[in-house]
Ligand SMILES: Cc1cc2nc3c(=O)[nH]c(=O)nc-3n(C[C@H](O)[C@H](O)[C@H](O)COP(=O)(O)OP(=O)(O)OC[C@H]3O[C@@H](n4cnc5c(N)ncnc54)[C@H](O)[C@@H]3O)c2cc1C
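Take a look at this single chain, the form predicted on its own, given in C-alpha cells.
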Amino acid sequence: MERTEVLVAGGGISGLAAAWWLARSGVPVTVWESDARAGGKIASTQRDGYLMERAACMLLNFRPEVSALLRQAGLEPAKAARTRDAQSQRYLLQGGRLRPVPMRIGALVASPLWSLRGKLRLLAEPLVFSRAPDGESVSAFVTRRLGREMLDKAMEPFVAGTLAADADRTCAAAALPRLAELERRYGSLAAGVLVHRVLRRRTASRTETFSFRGGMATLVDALAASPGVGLRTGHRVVEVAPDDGGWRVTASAPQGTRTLRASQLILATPAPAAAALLGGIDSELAALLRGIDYAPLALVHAGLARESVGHPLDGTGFLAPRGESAVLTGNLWMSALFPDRAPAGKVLLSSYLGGARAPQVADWDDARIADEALRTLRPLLDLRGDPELLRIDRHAQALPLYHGAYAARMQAVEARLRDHAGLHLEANYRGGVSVRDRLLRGHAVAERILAARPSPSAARPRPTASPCPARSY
C-alpha cells in the first residue's frame, strides 16, 4: 500500500494552504482533488479582454502569516493593488439611490445616511453595559450595541453581501469574531477599537486589499505548483478508515481505485462531503457536519462600454439592504477596483444574487437571473444599452451559513475530533470564509501536525511565518 505522511483530501484554497505550509516545512504531503483542476470555487476567466472571478475576487490582509506566505511563494510581484478611486469610496443603496458610506468615524457619524436618533444611539455605544448571551445572532448583537438603524442600514447588507447569510439567524460569535471579542475584552466596541489602534501602531501589519495580475487563480496556481505539494487531480475520495494509528484513504482515480495510508489526514472538503466520509466512523460528528447549511449564489458579470454607464464608478461598488432589494445583495465595480479587469474604454460590473435572502434564485434560469441583475442596476448606475458581455456563474453551495448556535456546533466538532488522532477538518465552515482566513487556518493545522511529529522538537521544522503576534482585533 502506498504511504504518505500527510494526505489532504480537497484541493481548494483550504487544502492547498495547509499543504503549502507543510511542504514548506519539509513534510511529505499529497493532495487529492476530485476536480480536473485545483482551487475549488476560486477560478479566474478571461474573455474578450475581461477578467472575471468565479468566487473570491480579492484578499484583505492584516496578518503577518499571510504576508509571509505571499513573500515565500514568490507572489509579491504578482499582487495587484486597488486603484485610488476604489480605496476612497463605498456605496449603500438607500431610498432607491446610491449613497456614499464614509470610511472615517467622524464623517460616518455626520453622514446623512443616519437619522439624528440613529447617530445618538451610535454615539451611546460605550454606555451599553450588557453582554452577549450564548448563541446571540448578528441582528441581536448589533441592535443591542449600536441600534436597529445600524443593523438595517449597514450590518445586515454586510452579512448578506459578504457571507450570503441572514443576519437574524447568523451567530455573531462565529461571523463577527473580532467585534464579539472587543466586547468580551473591553466591554465596548469603541473602547476596543481605540485600544486596538494604539497597539496596532506597534505590533500589527498594515491592512491592504489586493488581488493578483491574472486574477485570484494566480494564488491557487502558485500554491498548487509549489515544490513538495503532491497534487493529484481527478481523485475523488470515496472511503476513509482508521488504520493502525493512521488513516487508510481510498479514491476513485482516472486509472481506477487507489488506496493510500497517511499518518495525518486533512479533510478539506465541504461539510456534506466530510459527513458522508465520516458517517461510518463517528455518527455524532457526521450529524454535526450534516447540520451545516449552505447558501446558493449566482454571479452576473456584465461588460459594457464606459460611455454606457452614467455613474462615475468612483469606488468599490455597493451593498443592498434587504429593505431595498429582495434578490440582489451587492454589486462590485471590478474595473474600478483593479485596472486589468476590462479592456480600455470598458467597464466590468459583477452582481451577487441569492444567498439566504433569496435561495429561490437557484431555481431560476440564466435569462431570469441576468434580467433581474440588469433591471436593478439600470436606474442606479444609469445604464444605457445592453452589455456586450454577460457571464453567469452559479454556486449551488456557495458559502456555509453560520446560522443558529454555530459557535457551540464548532466546539462540539472540536470535541469529537479529539477522539480521532490524526484527523483534521479544514474548510470554510470552520474559522471563516475569506481567503485570508483560509490561509491562516492552513498555517494553524500545519502547526498542529508539526507539533505532533515524533521527531525531536529541536529538529522539527516550523512554518516560517514568525513572529506571529496575538490576533489583532
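These numbers were taken from a predicted model, which means no experiment stands behind them. Residue positions are given as counts along the sequence shown, with the first one as 1.
In what follows, reference is made to the form predicted together with the ligand, a form of this protein that is not presented.
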*Tell me, out of G135, P270, P359, G246, which residue has a non-hydrogen atom within 4.5 angstroms of the ligand in the model of the complex.*
P270
*Can you pick the one in L51, A56, V445, L70 that has a heavy atom within 4.5 Å of the ligand in the model of the complex?*
A56
_Just to confirm the contact call: exactly one of 362-370, 302-310, 168-176, 397-405 touches the ligand in the model of the complex at a 4.5 Å heavy atom cutoff, so which is it?_
397-405
*Heavy atoms within 4.5 Å of the ligand in the model of the complex: does R416 have any?*
no
*Does the ligand come within 4.5 Å of any heavy atom of V435 in the model of the complex?*
yes
*Within a 4.5 Å heavy atom cut-off, is K79 in contact with the ligand in the model of the complex?*
no
*Using the partner position in the model of the complex, report whether A18 sits within 4.5 Å of the ligand, counting heavy atoms only.*
no
*Taking the ligand as it sits in the model of the complex, which residues of 20-46 have a non-hydrogen atom within 4.5 Å of it? Please list them.*
W32, E33, S34, D35, G39, G40, K41, I42
